[in-house]
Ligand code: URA
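What follows is one chain in structure tokens, specifically the form predicted alone.
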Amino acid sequence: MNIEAQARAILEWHQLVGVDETIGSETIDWFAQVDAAPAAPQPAPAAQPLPSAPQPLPPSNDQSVKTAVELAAAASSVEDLRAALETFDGCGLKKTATNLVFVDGNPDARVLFIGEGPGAEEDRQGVPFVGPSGQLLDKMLASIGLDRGDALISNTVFWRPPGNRTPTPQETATCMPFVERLIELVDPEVLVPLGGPAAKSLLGETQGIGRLRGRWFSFETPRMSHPVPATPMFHPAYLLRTPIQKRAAWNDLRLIREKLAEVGR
């Protein structure tokens, strides 16, 4: 192999093993070269946009609750309360929801069921408990001789939380004045919180729904002349996921039926 071919073979071998730089016999100070390099020209400063008018800050949670209390207190009927909610902008859930989901059933009902929050189907129709969990709730009512004409159904928040997540404490607190006013206006014989979040919000309890269900509590606000007996139940959506708990739900429904018979005497 001649010298030229040998040199070419050596270069090709270096390329194959990843050598991409040759080193001379003298040390090179690369940092000195960087320092000596001429500075790149700086671009001209971009034109600054004209200052815009200051945007109003969103209301704080305290302001929202105060407004909710005032609007709810002024409502003298369930329809007045719906109208107040339609004008209320203090709950952030309203910005992402399609419809207000307020109540369904009879405003003069003996039983008031209050769940956690609307789901996707409820958001589309603007009616609470119309999806699969609502269909199960209808069957549960029928098992004790009731239907939606004998009950009123609502939630602790009136707009769907994105992704069906649990409402935050701030969202629940903002809607609570409307929930309390709804209970005051309906004055039911029995209040039934559906699911742990609703039970904790309405009854001020910290225990899980498994320990709260099957027991009687009292719900009362300063504007009410008498307390309302309340008993929490598993949420129908939970029962769909956990059918083994339907036996416990049936026992809870029997408690409600017995209480209604007792009060109706």
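Please read these numbers as outputs of a predicted model, since none were measured by experiment. Numbers follow the displayed sequence, beginning with 1.
We do not show the form predicted together with uracil, though everything after this point is about it.
Stretch in contact, per heavy atom within 4.5 angstroms of uracil in the predicted complex, of 124-132, 178-186, 88-96, 70-78: Result for this chain: 124-132.
Glu171, heavy atom within 4.5 angstroms of uracil in the predicted complex: No.
Distance check, Gly119 to uracil in the predicted complex, heavy atom within 4.5 Å: Because a heavy atom of Gly119 falls inside 4.5 Å of uracil in the predicted complex, the answer is yes.
Distance check, Pro193 to uracil in the predicted complex, heavy atom within 4.5 Å: Contact check for Pro193: no, nothing within 4.5 Å of uracil in the predicted complex.
Proximity of His235 to uracil in the predicted complex, heavy atoms at 4.5 Å: His235: contacts uracil in the predicted complex.
Residues of stretch 134-170 in contact with uracil in the predicted complex (4.5 Å, non-hydrogen atom): Heavy-atom contacts within 4.5 Å come from Asn155 alone.
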